[in-house]
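Encoded as structure tokens, the following chain is the form predicted alone, with no partner shown.
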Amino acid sequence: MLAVLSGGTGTPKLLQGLARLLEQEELTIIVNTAEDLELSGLHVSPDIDTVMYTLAGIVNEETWYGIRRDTFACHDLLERLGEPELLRIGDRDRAVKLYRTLQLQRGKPLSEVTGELCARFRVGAKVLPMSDDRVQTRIDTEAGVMPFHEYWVQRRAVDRVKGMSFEGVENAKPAPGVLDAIKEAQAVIIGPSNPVTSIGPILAMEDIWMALIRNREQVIAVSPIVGKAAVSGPAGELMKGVGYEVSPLGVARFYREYASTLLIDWSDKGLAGKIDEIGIRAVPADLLMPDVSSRVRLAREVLELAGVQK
């Protein structure tokens, strides 16, 4: 079994490749929930839904959010009625979020509801929220402290980042199955998601980072930074804001406690020696994943490093 830490849009692309090479039942995905939010009365878990839709084969690959060929009648009518939404939610996607909200209101934990939804979508992998407890990312900027989606979606990351926090993380416990997955996995893959806001909240949970440190030799990270820029999203601005160099070397320093191996892009192979010096083995690979074949190719390289031959 492989465990994968996921959030954002980078890791789901790698998951798509892994799912072409492995039975989904061989995968356990531990997903960031610190970007969950309330929207139009709905509990929105964007990272969980992207993972679930990817493994179900229905994700919108143009945005890596929502369901392919969804309609937006409800969202558009709300806007015309004077109730615009921060996120554009499709009609079928909205039904999923409504189901989640109703089940949570009935007292079910997020992990149980996620398992039910995955079963309905015939997802064979085990998809686990990092916690059933509420953790919320707060971005400290020159314009003030704000939730992640206000910073990234509403304000388009125009504000200089000064720091960040994960509200509630000190009291949050890993969801059932998370620690067992890390302990029992043949390898733990930290996917190519934003280290700061997508993977960072998972690592901020004490029980999880301790489990990763104990199993460090089995942990393989994939850099979301190529050259001096993020492949996608605001990872560069956020890394800089919390004091890390925007480069694979900065990623290595961020993960040095948790990972023994870091995949970097071939174009960054000149940094391999410096990365090795800080205690992480650097392995060059082609990290860009513009299509399915490239995602499968990278997934195969990850599996070879993990000792899984496919």
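Note that the structure is predicted; figures quoted are calculated from it, not measured. Note that residue numbering follows the sequence shown and begins at 1.
Although it is not shown, the form predicted together with a small molecule is what the next lines describe.
Student: Taking 4.5 angstroms as the heavy atom distance cut-off, pick the stretch from 52-60, 267-275, 280-288, 240-248 that is near the small molecule in the predicted bound form.
Tutor: That would be stretch 280-288.
Student: Please check if A235 has a heavy atom lying within 4.5 Å of any heavy atom of the small molecule in the predicted bound form.
Tutor: Yes.
Student: In the predicted bound form, does T9 have a heavy atom within 4.5 Å of the small molecule?
Tutor: Residue-level check for T9: yes, a contact with the small molecule.
Student: Does P224 reach the small molecule in the predicted bound form, with heavy atoms at most 4.5 Å apart?
Tutor: Within the cut-off, so yes.
Student: Is there a heavy atom of S198 no more than 4.5 Å from a heavy atom of the small molecule in the predicted bound form?
Tutor: Because a heavy atom of S198 falls inside 4.5 Å of the small molecule in the predicted bound form, the answer is yes.
Student: Only one of N194, S131, T137, T114 gets a heavy atom within 4.5 Å of the small molecule in the predicted bound form. Which one?
Tutor: Only one listed residue qualifies here, and that residue is N194.
Student: Just give me the single entry in I182, M164, M205, A230 that has a non-hydrogen atom within 4.5 angstroms of the small molecule in the predicted bound form.
Tutor: After the contact test, the surviving option is A230.
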